[in-house]
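In structure tokens, one chain follows: the form predicted on its own.
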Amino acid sequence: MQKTRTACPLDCFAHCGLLATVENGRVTRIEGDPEHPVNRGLICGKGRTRHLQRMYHPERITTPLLRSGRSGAWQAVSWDTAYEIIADRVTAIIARYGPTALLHLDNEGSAGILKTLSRRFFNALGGCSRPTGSLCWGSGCQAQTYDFGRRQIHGWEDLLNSRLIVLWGRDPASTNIHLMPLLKKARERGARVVVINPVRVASCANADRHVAPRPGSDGALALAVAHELIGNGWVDQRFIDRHVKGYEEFRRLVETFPPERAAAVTGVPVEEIRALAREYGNARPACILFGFGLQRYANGGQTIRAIDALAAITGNIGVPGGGANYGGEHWTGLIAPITGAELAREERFLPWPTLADAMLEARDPPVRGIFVTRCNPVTQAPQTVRVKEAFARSEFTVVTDFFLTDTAQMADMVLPCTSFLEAEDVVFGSWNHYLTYAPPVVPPRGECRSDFEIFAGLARHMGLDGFPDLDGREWLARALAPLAAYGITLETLRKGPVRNPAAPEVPWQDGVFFTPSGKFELYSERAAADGLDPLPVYVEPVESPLRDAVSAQEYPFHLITAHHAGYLHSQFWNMTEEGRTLQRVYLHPEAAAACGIRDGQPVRVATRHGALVCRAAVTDRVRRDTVLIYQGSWAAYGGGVNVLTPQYLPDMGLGTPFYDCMCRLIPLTQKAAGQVPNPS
């Protein structure tokens, strides 16, 4: 028996340090590494059990698969055959249409420096089309760029310095469990915790206050809180005078947003708004931890800017225990890109939030070939039916994955990739300050290859000059070269995780920001130059009962498609009984009564964009005007919530407004439910 230190590559806040136990060449147990400074031995069920279930699952793909003829049956082929077919088809598409006729869809479903080399392959081909923006957090990223100049976060332990912690759209009890011991300890030291979320999430059990605004109205709530902060003198005038640009313009803006106006918009009572402002304005230092759901609306960027403003005007920036913590970019300049961007002669960018329409509307050239790595866009991009239509027009599609996902089912060829336990890499993320080495723990199953090996082998087969024939460690050495100035090398990392040497525990302590003015910018001329209001104004979401009362009668409920604690986006759903049955739609008892829906009854959920049959789960955890369906389940098993979601461009950052969606609920009988198949 042998235990090996490694790191989880899942796209979450921690990238936990893990210990993998190997017996007779097989991983038999995964546990948390008690010596890792991020998770200190604590891991979620996904890390503890799901990785092993997936690694040894009987349906895992372990050889290249080629779809044969009109029958559509899959047949196993050798890697040499796979490479020969790919090379022929890619060469033919480029010769006829040019390199941008190839679309490479790559995301962060599995983190790792070496995995980015798939992008180098396409750059070495001369370029390609790529998505731009984000399915996750793009609007908030742009908002903080306007406000701060760049994104930085406090170290997690700094929560212990806070007197007030605001979880604004964040549910660490479900999606960031490593913060829970710190939150509990902070409360023991006298800090209060406020949850702002339209759903009574799991973190509410360890909070002192829960505020439930109408979905998409958080910006209005923030402006009303600012109105109270300024009107009552609960601001830090010294910090404002020294470090804030645009305060007077902002003050005039929030004068128009008293709590009475915000109450009508948000559904939060006036006294509750005032109490929230009183608490935030008088508890110093106060920390805001953002989730990502609150910026998944067309107004999402301005929402983050309005909340950032609260931290700025109260002087809760640059102080221990403070901050407006969204995500970091601390590794910029410390890890060299190895994607070969300089090799691309042609590039074209298609926006993630409207990917399906962009693919269908692409001309000169049209999209004729698709490669998919580290993502499952048929399930995870909005308007699944349109995404499928776009994929169906491709002449040749290749997917790398573990299973025949919804996206892989649209492919001509599927290439089997390794688990993180079967390949070497270095892992880091945007939500903590650590870099961790992940060695190969066991040999790959069957003929699986790492993402790096797949594209390095294809590059060798095609003789691409821009993709040098280096092994993984040589590529890692190139990527880590800038860290050598700090004494950090691959050999250093093999001894244990390393903290980012350039990331402060408390950012902005010097009061110098990366904005044009060098100050925190409530009034952003960069935003104005980009065609936006320079102030964090509030605009209703696209689908809102306050914007369109007539449509609201047909679609009276806000639809939230949040993350499930047991899964990571679409990963692992196929391995559980829950993932292979009708999705649950959570609705308030009063809403259920009004619609004539019983708990457990089949329900047709319809939006302007599509419909899905679910099973009702009646609960008072959601607002009367809101329903919740967890995202990630597969269309192949009757799920796929993005059948319902819209393709809208947001106010900034090309984030994806998944939650900007209204729906209606129609009760069904068991017989009727079976006669209304879900899109697949």
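Because the structure is a prediction, the values reported are computed rather than measured. Residues carry their position along the shown sequence, with the first being 1.
In what follows, reference is made to the form predicted in complex with a small molecule, a form of this protein that is not presented.
- Among N161, S394, N107, T145, the residue placing a heavy atom within 4.5 Å of the small molecule in the predicted complex is N107.
- With the partner removed from view, the residue among A562, A312, V605, L103 that has a non-hydrogen atom within 4.5 Å of the small molecule in the predicted complex turns out to be A562.
- At a distance threshold of 4.5 angstroms between non-hydrogen atoms, C12 is in contact with the small molecule in the predicted complex.
- In the predicted complex, E578 stays away from the small molecule, with no heavy atom inside 4.5 Å.
- Although the partner is absent here, Q631 lies within 4.5 Å of the small molecule in the predicted complex, judged by heavy atoms.
- Interface residue remark: R374 is counted as part of the site for the small molecule in the predicted complex, having a heavy atom within 4.5 Å.
- The stretch among 394-402, 470-478, 253-261, 593-601 whose residues place heavy atoms within 4.5 Å of the small molecule in the predicted complex is 394-402.
- For the three marked residues, Q152, H227 and Y523, no heavy atom of any sits within 4.5 Å of the small molecule in the predicted complex.
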